[in-house]
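What follows is one chain in structure tokens, specifically the form predicted alone.
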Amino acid sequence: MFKKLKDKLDSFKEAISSTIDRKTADVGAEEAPKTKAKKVGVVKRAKTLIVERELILDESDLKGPLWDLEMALLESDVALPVAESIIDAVKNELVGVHKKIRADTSDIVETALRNALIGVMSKEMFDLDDFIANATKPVTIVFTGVNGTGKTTTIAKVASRLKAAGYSVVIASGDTFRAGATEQMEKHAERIGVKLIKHQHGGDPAAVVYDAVQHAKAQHRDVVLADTAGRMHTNTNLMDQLEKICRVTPPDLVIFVDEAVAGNDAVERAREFNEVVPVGGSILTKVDMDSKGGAAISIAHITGKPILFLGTGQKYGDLVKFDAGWYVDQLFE
């Protein structure tokens, strides 16, 4: 997972660590005539002399490595404005700041990278568990996104997770557009043991969601999870249909689902869906197959809305609650 991005971050750490070691050696060479210490290697002597000193990196020290890092982030599907934010954060932490050279110099660089990555991924943090626990029941959640990204399976995972937490769940099979969509959702509902509300193929999805909410109210159910047809933002009819669903039965939350391996395409789609129907958060699927890692870094920053969960496999339990610290740990493990 994220192997390509890990390798690129390691290369940046090595480049800056080498720069710090070089500057440390230069300071040691300057101080050498002033000491009566026994003759030892320049770098070893420099590190001995600088234990209680501080090292200052200037912008020229970082210019080349920061450029390489920005290119590496872009190649890893990190969106341009997000890559620029990361570069600025790393630069602000390293340039012109007094750094005590007491430990492995790579720790200095890794800390700057970690802080920058966590900073861009932690916007508008939102805990779905707390939200559901404190909201008036039934809580209505609409899922949207493009075809083939694992939206239906993701809804089943969320339903399974909520049921395990003690909530009663109703699923609305609002994807009346795709052949076999209701049958697929029906199988999931049976396996999990939750109620499914469905209409015939080609029916009005807004009516399906409305009926599901009315059923939940009548039966005192806690949560309604509404599936919708996968759509591209350019499909005017389906986007109008999504707007109608949210107008007829205003949801408590809209969740955008896309796959991590889509990279910048997922980031752009999240932004465009958010412009049509305000998205409250995102779920990224197929994270276990993602060698680049850029989509998760970018989506929260671009939309201003949090990533809620990461899909890491096909089983119902393969749904990880998103945590920026955990994600960054995977990049440096």
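Fair warning: this is a prediction, and the values are worked out from it, not measured in the lab. One rule holds for the numbers: they count along the sequence shown, beginning at 1.
The next section is about a form of this same protein that is not shown, the form predicted together with a small molecule.
Student: Quick check on this chain: which one of 250, 203, 148, 119 has a heavy atom within 4.5 Å of the small molecule in the predicted complex?
Tutor: Only one option qualifies, and that one is 148.
Student: With the small molecule left out of view, choose which of 184, 160, 168, 241 has a non-hydrogen atom within 4.5 angstroms of it in the predicted complex.
Tutor: Contact with the small molecule in the predicted complex is made by 184 alone.
Student: Is it true that 87, 91 and 268 each have at least one non-hydrogen atom within 4.5 Å of the small molecule in the predicted complex?
Tutor: Not a single listed residue reaches the small molecule in the predicted complex, so no.
Student: Should residue 285 be counted as a contact of the small molecule in the predicted complex, where contact means heavy atoms within 4.5 Å?
Tutor: Taking the distances in the predicted complex, the answer for residue 285 is yes, it comes within 4.5 Å of the small molecule.
Student: Wondering, does residue 175 line up within 4.5 Å of the small molecule in the predicted complex on heavy atoms?
Tutor: Taking the distances in the predicted complex, the answer for residue 175 is yes, it comes within 4.5 Å of the small molecule.
Student: Does residue 230 reach the small molecule in the predicted complex, with heavy atoms at most 4.5 Å apart?
Tutor: Yes, residue 230 sits close enough to the small molecule in the predicted complex that at least one of its heavy atoms falls within 4.5 Å.
Student: Look up in the predicted complex whether residue 152 has a non-hydrogen atom within 4.5 angstroms of the small molecule, and give yes or no.
Tutor: Yes, residue 152 sits close enough to the small molecule in the predicted complex that at least one of its heavy atoms falls within 4.5 Å.
Student: Counting only heavy atoms and a 4.5 Å cutoff, which of 139-147, 73-81, 193-201, 215-223 contacts the small molecule in the predicted complex?
Tutor: Only one stretch qualifies here: 139-147.
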